[in-house]
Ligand SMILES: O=C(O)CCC(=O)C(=O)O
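The data below hold one chain only, encoded as structure tokens and taken in the form predicted alone.
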């Protein structure tokens, strides 16, 4: 695995990148990762996703959620390649600077593979699933291949992180319909752009996003890491999904305290 040391080298961010993230709720940054690093780590991650995936129904028999992607969480425990992304100081430092916090700790990691012929990822906001007391949390979305429009890159509703409607909706047909209506009614600009190899995006937990179907025969392979403010306090879960996440992603953590658990290590601090 060549060039993996680059995953710990700092990346200088321009002020306009930080401002764009704050204003729009997301930012896409080119050249964050070396193409050789991506190509070195992708095969093992893909192998593990195939091994650990539990969805085997034909596409036409699946729910909208299961058509959207194959989802494998906590891959860091199964794959050295996944751990390389999860514990990258380069990626974590960018998250801390974008969030404007002194450091970040790990919340979760997930591989999200949209199979060839896979369906839409409905409009949603990730923080519906997270029992956090503040909005200082974000996801880095790392495509493991060039991602043209026809393969289903993320789409973002610009500025939707400041709009409170729809925060009680998980990923579903209902969220797709309701949030699409809200996006149109509020005249949110929707940005859907291809990703180059090595380009990543960061989005806040309350930013509305979705993905189009994969209209190719090639799987869209993506690794994600979710960061939270190193001083984040756990909130009382407000729905069943948050209660499940509290047990699964932060075992031993309790509402009202910082989740300083073995599952949630500090990844970067100034």
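Positions refer to the first chain, counted from 1. Only a predicted model underlies this, so the values are computations on that prediction, with no experimental measurement involved.
What follows is about the form predicted together with the ligand, which we do not show.
Peer 1: Which of these stretches, 220-228, 49-57, 22-30, 237-245, has heavy atoms within 4.5 Å of the ligand in the predicted bound form?
Peer 2: It is the stretch 220-228.
Peer 1: Using 4.5 Å between non-hydrogen atoms, is residue 76 touching the ligand in the predicted bound form?
Peer 2: No, residue 76 sits far enough from the ligand in the predicted bound form that none of its heavy atoms falls within 4.5 Å.
Peer 1: Using a 4.5 angstroms cut-off on non-hydrogen atoms, would residue 121 count as touching the ligand in the predicted bound form?
Peer 2: Within the cut-off, so yes.
Peer 1: Can you tell me whether residue 107 touches the ligand? I mean in the predicted bound form, with a 4.5 angstroms heavy atom cut-off.
Peer 2: Residue 107: no contact with the ligand in the predicted bound form.
Peer 1: Answer for residue 112 alone: is it within 4.5 Å of the ligand in the predicted bound form, judged on heavy atom distances?
Peer 2: Result yes; residue 112 sits at the interface with the ligand in the predicted bound form.
Peer 1: Report the residue, out of 126, 135, 199, 97, that has at least one non-hydrogen atom within 4.5 angstroms of the ligand in the predicted bound form.
Peer 2: By the 4.5 Å criterion, the partner-contacting residue is 126.
Peer 1: Answer with one of 72, 154, 86, 144: the residue that has a non-hydrogen atom within 4.5 Å of the ligand in the predicted bound form.
Peer 2: Among 72, 154, 86, 144, a heavy atom within 4.5 Å of the ligand in the predicted bound form occurs only for 154.
Peer 1: Using a 4.5 Å cut-off on any heavy atom, which residues of 184-204 would contact the ligand in the predicted bound form?
Peer 2: Going through 184-204 in order - heavy atoms within 4.5 Å of the ligand in the predicted bound form - there is one hit, 203.
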